[in-house]
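Quick heads-up: it's one chain on its own, the form predicted alone, in C-alpha cells.
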Amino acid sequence: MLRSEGRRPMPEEIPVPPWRRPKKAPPRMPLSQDRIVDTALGILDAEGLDALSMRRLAQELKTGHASLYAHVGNRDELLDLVFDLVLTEVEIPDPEPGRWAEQVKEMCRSLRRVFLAHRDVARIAIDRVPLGPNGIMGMERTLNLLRAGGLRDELAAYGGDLLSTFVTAEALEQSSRNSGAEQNQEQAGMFADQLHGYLKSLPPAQFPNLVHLAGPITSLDSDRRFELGLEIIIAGLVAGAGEGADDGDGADDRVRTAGSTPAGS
C-alpha cells in the first residue's frame, strides 16, 4: 500500500540570511569631462605619462573606454586638458612695476614647483602651446607682468616664451633624473664624478677653461643651476627694459590687472 507524503506548508516569507544577500553595487558617479581629467591627472601622478592611455583611464573609471570619447576626443586632447588643469596651480602676481623683475622670478619658481609636483607634466608641456582657458589666461598675465617692466613689444613677447621654455626644460631634466629615484640618481652621481675627474685630467695648457670649471659644469645642484639660469635671462630682460618703448604707451596702457593671483582661476 502506497503511502502519500504530505508537504509542509511554507511560510509566506522567510528572510534571507545576511551572508547570502546580494551586495548592492554602489551608485556610479556620472561621467563628465572634469571627472575624466581629474582621474587622468591622478594616473599621471601615480604611474607616469607612458601608463596614461584611454583604456587605462576607462579601467580606473570602471567604464568602457568608448564611453570616454563622448567627453574627450582622443588622448592628445586629454593631455591638453590635463596640462590646462595643472596650470591653475601656477601663481602669477599682479604687476608692481617697481619690482617686476623679482615678480617674474617668483612666477617662474611657481611654474617649476608645479611641474615638479606632477610627474611627467614637463614632458606634456615641452611640445604644447598652452591654449586652454587657464593657459591662455596665464599667457596674458605673464605678458602683463613683462610689459610692466617697460619691455618693448618684441622683447616682452619673446621673453615670455623663453622663460616658459627654460622652466619647462629645467623641470624636464630634473624630473627625468629623479624618475626611478635612487638607482637613477646613483647612476647620475657616478657619471658626474667620472666626468668631473675626466675634465680635471685634461691638459690644462690646452683646456684651461674646462679644467677650471669642472666643478660647476658637473654640479647636480638643480636648484642652484635653475636660479643661475633664471638670473641670466632676467638680467637680459632688465637690460632691455625701457628701450624702444612705443611712444604714447603709458604705464596704464601697458599694465592691466587680469584677475586673481592663480593663473586662469
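Residue indices: 1-based, along the sequence shown. Since the structure is predicted, the reported quantities are computational estimates derived from the model, not experimental observations.
What follows is about the form predicted in complex with the DNA, which we do not show.
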Quick one: of Gly197, Pro216, Gly42, Gly64, which gets a non-hydrogen atom within 4.5 angstroms of the DNA in the predicted complex? Gly64
Among Leu220, Leu210, Leu31, Ile234, just one has a heavy atom within 4.5 Å of the DNA in the predicted complex, namely Leu31
Looking in the predicted complex, any heavy atom of Met54 within 4.5 Å of the DNA? yes
Contact flag, Thr165 vs the DNA in the predicted complex, heavy atom cut 4.5 Å: no
Answer yes if any heavy atom of Arg152 is within 4.5 Å of a heavy atom of the DNA in the predicted complex; otherwise answer no. no
Looking at the partner-bound form in the predicted complex, is Arg128 within 4.5 Å of the DNA by any heavy atom? no
Which of 92-100, 71-79, 142-150, 116-124 sits within 4.5 Å of the DNA in the predicted complex, heavy atom basis: 71-79
Contacts from 104-131 to the DNA in the predicted complex (any heavy atom within 4.5 Å), listed N to C, are none
